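This document starts with one chain, in the form predicted alone, laid out as structure tokens.
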Amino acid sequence: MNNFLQRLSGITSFAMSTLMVLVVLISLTTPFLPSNPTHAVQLHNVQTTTGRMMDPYDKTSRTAEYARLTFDVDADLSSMFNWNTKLLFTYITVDYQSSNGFNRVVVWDRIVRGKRQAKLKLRKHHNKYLLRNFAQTFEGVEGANLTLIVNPVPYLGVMYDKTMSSIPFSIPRALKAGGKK
């Protein structure tokens, strides 16, 4: 005959095993839930300038080329929210190939915490973060892609990136003093 503590231990073990099976099933099935977000990204202007940009993360304060982008984002991400979505981390990257290899730079981001914030309408918006090549110049950079990526953060399960759209563009060389490239 089992006493009270042995029975409680058996019930607790069964409950925890059942809970763990449910957790695994939830984490495996969440990425396959249907979602149909609408999105449109349009790039208006790319300007490159040579100068010293005040970058709090770069203490070298060297003169470098940096790019300023002007873009529109029109997206409705409310269909990506379900019972297991905590928030959406939305960001725009610029991908390009240079002499240093493949580069991916985040130029804008936003955390969407609910369905009310899931409709993004940005008009003539500029990059939030500095776009600068590691070599201090965009010389040798042939083409680039502006990519909108959404990362759904679940309450439980695996995080993954969902690439929404990608726009190819070219980064012009900055004019030096005297108007020459």
Partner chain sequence: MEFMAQANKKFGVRSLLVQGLTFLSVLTSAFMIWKGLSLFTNSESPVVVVLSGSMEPAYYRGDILFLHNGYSPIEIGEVVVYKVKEKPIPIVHRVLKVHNDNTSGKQFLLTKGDNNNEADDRGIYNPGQKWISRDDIIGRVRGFVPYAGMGTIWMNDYPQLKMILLGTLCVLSLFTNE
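Numbering follows the first chain given and starts at 1. Predicted model, so just to flag it, every value in this text is computed and none were measured.
Beyond the structure shown, there is the form predicted in complex with the partner chain, which is absent from this document and is the topic of what follows.
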Practice item. Check each of A118, V153, V46, V41 and return the one that places a heavy atom within 4.5 angstroms of the partner chain in the model of the complex. Key: V153
Review point. Of the residues M16, V158, I167, L22, which one places a heavy atom within 4.5 Å of the partner chain in the model of the complex?
Key: V158
Review point. Should S78 be counted as a contact of the partner chain in the model of the complex, where contact means heavy atoms within 4.5 Å?
Key: no
Review point. Are any of the heavy atoms in R52 no more than 4.5 Å from a heavy atom of the partner chain in the model of the complex?
Key: no
Practice item. Indicate whether the partner chain has at least one heavy atom within 4.5 Å of a heavy atom of L130 in the model of the complex. Key: yes
Point to revise | 4.5 angstroms heavy atom contact with the partner chain in the model of the complex for Y96 | key: yes
Check your understanding: Thinking of N100, V105 and I111 as the candidate spot, does the partner chain come within 4.5 Å of a heavy atom on all of them in the model of the complex?
Key -> yes
Review point. Judged by heavy atom distances of 4.5 Å or less, which residues of 70 to 89 approach the partner chain in the model of the complex?
Key: K86, L87, F89
